[in-house]
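Okay, here we've got a single chain as structure tokens, the form predicted on its own, with questions on binding and movement later.
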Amino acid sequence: MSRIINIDPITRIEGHLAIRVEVRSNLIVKAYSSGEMFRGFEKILKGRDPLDAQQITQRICGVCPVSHGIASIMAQEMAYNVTPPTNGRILRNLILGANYLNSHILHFYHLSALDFVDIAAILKYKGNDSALKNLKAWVKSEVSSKSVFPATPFLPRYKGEYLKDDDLNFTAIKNYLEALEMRATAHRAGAIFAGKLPHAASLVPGGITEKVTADKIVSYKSLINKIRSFIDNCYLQDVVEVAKAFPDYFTLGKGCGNFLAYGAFYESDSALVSDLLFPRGTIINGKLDNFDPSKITEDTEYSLYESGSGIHPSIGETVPSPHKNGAYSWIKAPRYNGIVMEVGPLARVMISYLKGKDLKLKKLIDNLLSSLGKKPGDLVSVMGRHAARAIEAKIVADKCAEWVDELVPGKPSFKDFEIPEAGAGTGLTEAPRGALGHWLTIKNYKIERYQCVVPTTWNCSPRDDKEIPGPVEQALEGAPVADEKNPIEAARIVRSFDPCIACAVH
């Protein structure tokens, strides 16, 4: 006999996501992922000046606004026939790179680590670290005043297996606290050239409005080097320790097994996709192939929108239908040539690994897999997603330290342009959470149509018109649930995708 478990809301993610699973004999047999609001950014943009787009779309999300800004200005640049100068290209990499680091550190330590680290161990701490002593005192105070443990912000949490080694817990908790400062450091680094963060003011078609100076170069590099040290000495090691303690999660949450990446971080002014740090590509049924943007479509059979299934985003519409019969999510169902695809750090790392372009990335992956006794195929899992983010953070941080040295003070970072009466453009990039696309149509100097397909639209999509579940839904199906009152396994699987529902229901 089947039982229905509703996890609503999923905590420690961005936005409002509901997960409903059908459990039989302690296994999930069906799963449903539901985005729970409608925001209508695409409708807000219609009729506005195209130059409003990069500022408005950044408000889709406060965690990954830079990616939306860059996708928007890339779409506009295609319509305006303009490309940024060298400084402008590099500055975009530096701003986006800082946002990646902020997001990846946030995801592991402050959103997902508490699924594995036993925060209750802090009450056993007897050492002299001032941060841990202060945290222990605060928790004890909260426990005595409320008779509840653990205290906010560590609630809610499910009962289940957590790290048993107290020393590992103490180290992870200390790094949790230090990661708060690292996130702020990444924000400060990005804001040097972004003007401010979140929601960068300097992102415009044609480049970046901030001027390059020697002082800014030195300041950025100093902050990035602090983050590099944290990644090398804390983040990578913590992921390895968690992976060793929870080996079963290399077999759970595999999902659809197909991957898509648009690519990100141009390393030359040619604007050729062959010059991307993270390459474009797809992996379908284990086979690496090139990416064809014309194969992207969106289905809406189970989405709370009117008809328009199976069409390309460039001609897509956003017409809400809140009472649509049978629909269960405010997220559409993107497909690539009709196929369900996972996007995100795991997709980027897998495609980069198979293409073999970045030898440093390949060596990092091989060393990590060797230390854990795993094979590349084992990365397609919950723990593999965490490992991919950590490896990617290392790659991006090191590249930012190189890119900043390529800036030339006094050289231009922006090119002028004119907005045409009519035009169209596509901006394809990679947000921290995965493939991000903006499609723009201009008519009478105004935005005629604007469509976004964001990473979590792919990953948390509902069933498509053929009733095939989305990536998160597939990752959940077949997973065990040892205790139906504490479905921690399901929560760990969902959070490994780092959902951003505010983006997905834009």
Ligand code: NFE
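Keep in mind it's a predicted model, so treat the numbers as computed, not measured. For every residue, the number given is its place in the sequence shown, counted from 1.
The discussion below concerns the form predicted in complex with NI-FE active center, not included here.
With the partner left out here, NI-FE active center still marks one of 447-455, 24-32, 48-56, 466-474 in the model of the complex; by a 4.5 Å heavy atom cut-off that stretch is 447-455. Only one of the listed residues (172, 74, 436, 388) places a non-hydrogen atom within 4.5 angstroms of NI-FE active center in the model of the complex, and that residue is 436.
Residue 64 belongs to the set of residues with a heavy atom inside 4.5 Å of NI-FE active center in the model of the complex. Contact annotation for residue 105: none of its heavy atoms lies within 4.5 Å of NI-FE active center in the model of the complex.
Contact annotation for residue 432: at least one heavy atom lies within 4.5 Å of NI-FE active center in the model of the complex.
Every residue of the trio 68, 500 and 503 has some heavy atom no more than 4.5 Å from NI-FE active center in the model of the complex.
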